[in-house]
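Form predicted on its own, single chain, as structure tokens, below.
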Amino acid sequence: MSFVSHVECTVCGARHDHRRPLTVCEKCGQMLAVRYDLDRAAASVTKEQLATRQAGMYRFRELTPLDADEPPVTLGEGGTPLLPLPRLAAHLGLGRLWAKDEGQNPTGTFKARGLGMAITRARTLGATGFVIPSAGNAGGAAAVYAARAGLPVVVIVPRGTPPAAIAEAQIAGAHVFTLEGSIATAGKVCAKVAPLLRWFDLSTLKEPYRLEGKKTMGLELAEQLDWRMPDVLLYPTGGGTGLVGIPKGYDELRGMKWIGGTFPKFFAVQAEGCAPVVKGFVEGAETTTAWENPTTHAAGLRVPSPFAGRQMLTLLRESGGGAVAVSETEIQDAQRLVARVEGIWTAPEAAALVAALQRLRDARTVTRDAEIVLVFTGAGIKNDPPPLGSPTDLTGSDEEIVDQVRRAVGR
């Protein structure tokens, strides 16, 4: 059975019927969120029963919006590992440090969770096609899951989007378009195109179900930490669906009495060239304002006008966290550091977290005894690598080549 009670506006509280297609609040135009009958959910499953279920995000079915007989559009997303980072922690002078490695999802990023869930629900509610603006990875994930569902999709991305993300969408059969500007520019085009095509607009947080997929990161984190929350959580923030979704998952688990205690201190991490959340936080603003001329090679952070700015700023303040912007050089240095000390080639958006953590450590905002989780949102292989030196060419006789290798490694 479904445990959804209704869909609710996160600002004005207006209730909406979850049995029909929804976008934003019909009264105030703000973000919607799914609400559950948590008492009934808690009575239907135990932690012990959950532990016997197959890995993946749909093992938390009682806290998903799916109907009782609704098959998910899935490629096995979710169930990503929580990796200890002992060598990176030692390098930074910290104690307990973890990475939730979302790069191990089917599409190589956390976008698989949100788009799989959103396309599942939209298909059930009658969608015949999709339109999505993207900085890259969301468009690729939408194309893959739309193909899995047997439905068409239009993907509109800014020029300069990582080629791997464009190729992912193209090979899955999407209609891919590029344009000058940012994801905000692409979003404006999608808002006009979708009603003309009579296809569903999957823009970030302008429908309620991508949030439900991203939320499962929080559900998994709680279970992986033996049903507790960390002290600090850093999240790379573009549209911010996961930053809003993880605490939503925690809230629901608290409502089921599966976890207790206080929320982590949440920190939004952005690039210096596009930091609307950081700016809003520093200025004490109620919501974010559009960032002019957004620039960063971390495409997922190049979101100048996040729809959930109000919700993110509220979360950061209420949790006692904050917002940090880092430079392009810091991001690239962090990518190389994480690969060198932990063997993880993570996306530049995720590497920004390590750069931000170093700043928080230096400012003594985080302490050595804090338990810290970094959400590594994607695999580095989907992006151009940071600047690297050229590999060493070996020449000469076999003996000379062996000698060159020995001298190069200092043996």
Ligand SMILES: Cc1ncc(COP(=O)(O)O)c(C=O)c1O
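What you see is a predicted model; the values in this text were computed from it and never measured. For every residue, the number given is its place in the sequence shown, counted from 1.
Another form, the form predicted together with this ligand, is not on view; read the next lines as being about it.
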item: This ligand in the predicted complex: contacting segment from 336-344, 255-263, 223-231, 133-141, heavy atom within 4.5 Å; value: 133-141
item: 4.5 Å heavy atom contact, residue 237 to this ligand in the predicted complex; value: yes
item: Exercise: residue 215 in contact with this ligand in the predicted complex, heavy atom 4.5 Å; value: no
item: Close approach of residue 121 to this ligand in the predicted complex, 4.5 Å, heavy atom; value: no
item: Contact flag, residue 241 vs this ligand in the predicted complex, heavy atom cut 4.5 Å; value: yes
item: 18, 65 and 208 each touching this ligand in the predicted complex (heavy atom, 4.5 Å); value: no
item: In the predicted complex: members of 354-386 within 4.5 Å of this ligand, any heavy atom; value: 377, 378
